[in-house]
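Presented below, as structure tokens, is a lone chain in the form predicted on its own.
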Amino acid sequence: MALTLIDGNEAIAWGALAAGCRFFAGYPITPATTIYNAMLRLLPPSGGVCLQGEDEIASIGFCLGASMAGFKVMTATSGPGISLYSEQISFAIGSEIPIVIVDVQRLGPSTGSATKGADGDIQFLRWGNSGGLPVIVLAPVDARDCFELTMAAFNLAEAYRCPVFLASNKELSMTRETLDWAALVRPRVLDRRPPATTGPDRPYLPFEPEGDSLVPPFLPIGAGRPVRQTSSTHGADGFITTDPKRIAANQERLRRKLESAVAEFSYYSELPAVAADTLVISYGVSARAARAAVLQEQRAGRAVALLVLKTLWPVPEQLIRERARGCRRVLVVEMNLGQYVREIQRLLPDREITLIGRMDGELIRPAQIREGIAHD
């Protein structure tokens, strides 16, 4: 059956399965729990493991252990759980452990409104680790994106040996819509790269890239050869070090391996306009209202363009600057009080930047965006 009615959380689970995920651990939290429910149905028949940890900290710890053993892993939570994940996220960044983390955002702060959506974790996902090093964050717009970007997230986690976040939203993840399975784009599934040469006379260096790559090859723990892992600063051999030069070189490599490659995974969609004076930038579920508003403006003969970002971090700077070229005004639409707009202000300091934000549990509507466009 090509057409089916599905919500974002279910689409994420199916995307994970298609990407080769065979281990999931999580702790129930609205509005992410149905990802766990779906994985519980899908993984065991496929030879995978799905389990509930005693809390969020244990759940992500299970995932990191399974990833170090060679499994493709995923966990899912909401804002309060991301807070508890923070130290393990730092571990995954520093020790280059692939993992996909789904954040089904809800209205905060704290417990907030568990059944209301928001995009209040956008800066937290980028800066919520103790080292401040970059991470990859993808933002789906609809159920199709939930499937396709989940597959992309696994490929990126494997290719760059890093955590990859999927920044979803309650309104997207728990709303059913029609999905055409035949129209889905399924990328070639990638696996983490093993060392080019191995043998008893060549010790495995778990953090030593090969050739021109900035990403070390991977051997699982338990593969029959010594594999060292540590959450402390370390050298290429995995031993703890306090040597400033070795630490600085490794920190710079961790930064560059993602920031230098962002053009390769700058996912987006757009509604271009000839000689556009105004550019609307949005992401996530709010991008749907932005698209409706911009289409209405274009049909009315106004020179308004739309850029929907699906890669949020690292910031796709080249893409944003290119699409903003020639535009006098930029409107940033996001379900918070102003988070990603700061990046747009940084990149385009000579433009008129306006935030259209909302964080009260209600969706941003096309009429609100059109009012912002008209207010010149």
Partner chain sequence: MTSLLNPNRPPAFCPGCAHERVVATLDRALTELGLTATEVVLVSDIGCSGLFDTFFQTHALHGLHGRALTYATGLKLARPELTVIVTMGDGGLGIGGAHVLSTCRRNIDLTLLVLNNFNYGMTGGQCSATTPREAQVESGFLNRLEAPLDICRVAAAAGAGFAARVSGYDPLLSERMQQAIRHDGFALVDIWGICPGRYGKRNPISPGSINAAMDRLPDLTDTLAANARDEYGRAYREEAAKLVAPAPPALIEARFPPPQGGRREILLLGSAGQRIITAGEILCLAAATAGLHATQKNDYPITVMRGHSVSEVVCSDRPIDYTGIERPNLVVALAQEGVARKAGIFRELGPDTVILKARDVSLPDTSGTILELDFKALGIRSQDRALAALGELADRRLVLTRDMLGAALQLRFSGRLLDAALKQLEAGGNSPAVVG
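Here the structure is a predicted model, which means the values were calculated and not measured. Residue numbers count along the first chain shown, from 1.
Unshown form predicted in complex with the partner chain; subsequent notes refer to it.
- Among R193, R302, R288, R255, the residue placing a heavy atom within 4.5 Å of the partner chain in the predicted bound form is R288.
- In summary, the region of this chain contacting the partner chain in the predicted bound form, judged by heavy atoms within 4.5 Å and restricted to 258-266, 153-161, 230-238, 121-129, corresponds to 230-238.
- Residue contact with the partner chain in the predicted bound form: A374 places no heavy atom within 4.5 Å of it.
- Looking at L107, you'd find every heavy atom of it more than 4.5 angstroms from the partner chain in the predicted bound form.
- Contact annotation: R202 falls outside 4.5 Å of the partner chain in the predicted bound form, judged by heavy atom distances.
- In the predicted bound form, at least one heavy atom of I364 sits within 4.5 Å of the partner chain.
- Residues in 341-359 all lack a heavy atom within 4.5 Å of the partner chain in the predicted bound form.
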